[in-house]
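A single chain, nothing else alongside it, follows as structure tokens in the form predicted on its own.
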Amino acid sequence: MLKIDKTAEGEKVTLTLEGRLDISAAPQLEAELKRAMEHTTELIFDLEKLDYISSAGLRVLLLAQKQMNKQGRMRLIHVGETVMETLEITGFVDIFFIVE
């Protein structure tokens, strides 16, 4: 199960993810992103409480990154050890801007 908390400050949106971002939760995040990204120039994912990310979750983050490359910037913050390991193994650590 995935819990998404959204905080918007002007054109900056922070999405705090908690739980598991897997194939069953990816559509939920994708739908939230469609709403959140319309007038966003800065997108932040706070992953401190994210326990697991699957390839479906990585795909959603990659799609968000591609969109934000056109309209602003995207950052991942507070990435936990398990999720960071997944990003490193898949090579996604080189794609995303990650802030410790």
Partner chain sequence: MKKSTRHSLSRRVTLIQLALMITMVAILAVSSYMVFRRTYLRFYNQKGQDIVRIVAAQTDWEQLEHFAETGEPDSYSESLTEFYNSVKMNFTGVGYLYLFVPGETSFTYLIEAQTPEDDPEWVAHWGDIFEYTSYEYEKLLPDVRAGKPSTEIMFMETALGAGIETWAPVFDASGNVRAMVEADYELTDLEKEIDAFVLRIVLFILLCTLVFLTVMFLYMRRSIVQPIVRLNASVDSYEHGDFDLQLEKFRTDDELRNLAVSFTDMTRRIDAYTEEVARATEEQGRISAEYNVAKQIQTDILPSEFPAFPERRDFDIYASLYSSREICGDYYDFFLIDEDHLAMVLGDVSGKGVPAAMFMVIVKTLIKNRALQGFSPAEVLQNVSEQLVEGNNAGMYATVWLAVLELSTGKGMAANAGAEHPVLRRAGKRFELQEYRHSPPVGAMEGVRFRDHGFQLEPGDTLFVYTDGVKEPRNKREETFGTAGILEALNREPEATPSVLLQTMKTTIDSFTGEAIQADDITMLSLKYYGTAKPSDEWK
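All of these numbers come straight from a predicted model, not from anything done at the bench. Residue numbers count along the first chain shown, from 1.
The form predicted together with the partner chain is left out here; the points below concern that form.
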Practice item. Give a yes or no on whether each residue among M37, T41 and R75 has a heavy atom within 4.5 Å of the partner chain in the predicted bound form. Key: no
Review point. Does Q28 make contact with the partner chain in the predicted bound form, using a 4.5 Å heavy atom cut-off?
Key: no
Exercise for review: Look up in the predicted bound form whether D94 has a non-hydrogen atom within 4.5 angstroms of the partner chain, and give yes or no.
Suggested key: yes
Review point. For E88, is any heavy atom within 4.5 Å of the partner chain in the predicted bound form, or not?
Key: yes
**Study point:** Residue contact check: K66 to the partner chain in the predicted bound form, 4.5 Å heavy atom
**Key:** yes
**Study point:** Partner contacts for 51 to 73, taking the partner chain in the predicted bound form and a 4.5 Å heavy atom cut-off
**Key:** Y52, S55, L58, R59, L62, L63, Q65, K66, N69
